[in-house]
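Single chain ahead, written as structure tokens, the form predicted on its own.
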Amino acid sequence: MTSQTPPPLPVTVAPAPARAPAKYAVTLSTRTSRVGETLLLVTAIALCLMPWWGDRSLIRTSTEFLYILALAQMWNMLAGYAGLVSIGQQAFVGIGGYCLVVFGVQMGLNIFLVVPVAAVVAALVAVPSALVLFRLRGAYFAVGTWVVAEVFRLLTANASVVGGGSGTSITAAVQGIPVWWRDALTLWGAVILGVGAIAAGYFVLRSRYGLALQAVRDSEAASGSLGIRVRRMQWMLYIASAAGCGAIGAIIFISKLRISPSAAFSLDWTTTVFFIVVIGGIGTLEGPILGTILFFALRGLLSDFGSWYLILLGAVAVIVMIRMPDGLWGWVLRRFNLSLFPTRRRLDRTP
């Protein structure tokens, strides 16, 4: 007799409950970014109210801080996002300053209305300059921008109609304007340029144009293969940066009330913002803010050391560049993942 194995009983497996597909969303804003936006707004309001609660020395220092910050943001957008390293942005600062002489002193236009005019004039001058400069690449482009700035300086120094090499005074254009109003309007213009440069950069970099700019910064060849018009993007940013520097130049020399070719087209304007952006963190919006704060702090601490001031300033720059190649804010971003004005998109899972 043989034993037979009974057939296995059928097993019924209950189907797993259906799961809803996970949903994801691309986000830009974070809790930290909301804090940053609030701080920027509160700071702008406090600065606008400063003529009623601050003394004249504080107002002038704040004005200088803001126009240096605006210059740094202009250069940061140009070099940090468009990949155009310029050492000749002082050309447009000088053009903006001399618009005060032509339109304010000689033509009698209100000196504060000259500021937007200076932006337009600088942008128009940047167009033919770009036709020449954009034929160059890399270091040749950087040297070319400096050559253009020197050409403008020499032309201005030999133009007696605007004071020649010795320069001229702008006090005639501010006669009749009370000192309080002159200081307040200069400060408000600097607030518009300084805070506005941060806000405009934040808005642009969070748009699709910002994605294109960051792609151009990372690789021109790769972004061009994706259909991005690289030269067009760089061209537009170069013109916008020139317009901003022109308006800043007008604000600078409204506060100084005297202009000369050596001061208006000085290489110091570019070397200062170069130090600020590299130390703070190039390619970030927070970097120039931190770099400007550090620059003014070091200037206040080291100004009594005479010629050692520049040596110590250079030593700080070298140490930071060696230890923190991405700048101070780049180190903060890498170490703590902290960004007050984030421009990178994140893929978050929604509940």
Partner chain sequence: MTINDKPIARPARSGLSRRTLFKAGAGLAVAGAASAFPAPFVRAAQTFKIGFVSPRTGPLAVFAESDDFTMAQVRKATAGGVQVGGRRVAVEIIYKDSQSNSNRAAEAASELILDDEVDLIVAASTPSTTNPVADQCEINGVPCITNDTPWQPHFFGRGGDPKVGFEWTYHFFWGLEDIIGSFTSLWSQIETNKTVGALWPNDSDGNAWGDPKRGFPAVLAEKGYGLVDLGRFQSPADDFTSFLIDFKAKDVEIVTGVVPPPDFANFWSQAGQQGLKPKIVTVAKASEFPAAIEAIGDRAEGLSVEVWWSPVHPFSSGMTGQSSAELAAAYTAATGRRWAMPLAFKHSLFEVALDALKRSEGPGNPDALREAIKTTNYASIVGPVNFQTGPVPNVSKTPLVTGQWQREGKSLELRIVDNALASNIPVQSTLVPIGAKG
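For clarity, every value in this text was computed on a predicted model and none was experimentally measured. Residue numbers count along the first chain shown, from 1.
Below, we refer to the form predicted together with its partner chain, which is not included among the displayed structures.
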Every residue of 37, 196 and 231 near its partner chain in the predicted complex, heavy atom within 4.5 Å: no
4.5 Å heavy atom contact, residue 171 to its partner chain in the predicted complex: yes
Residue 297, heavy atom within 4.5 angstroms of its partner chain in the predicted complex: yes
Its partner chain contact at residue 253 in the predicted complex, heavy atom, 4.5 Å: yes
Its partner chain contact in the predicted complex: residue 217, any heavy atom under 4.5 Å: no
Its partner chain in the predicted complex: contacting segment from 268-276, 98-106, 232-240, 198-206, heavy atom within 4.5 Å: 268-276
Residues in 100-123 close to its partner chain in the predicted complex, defined by a heavy atom within 4.5 Å, in order: none
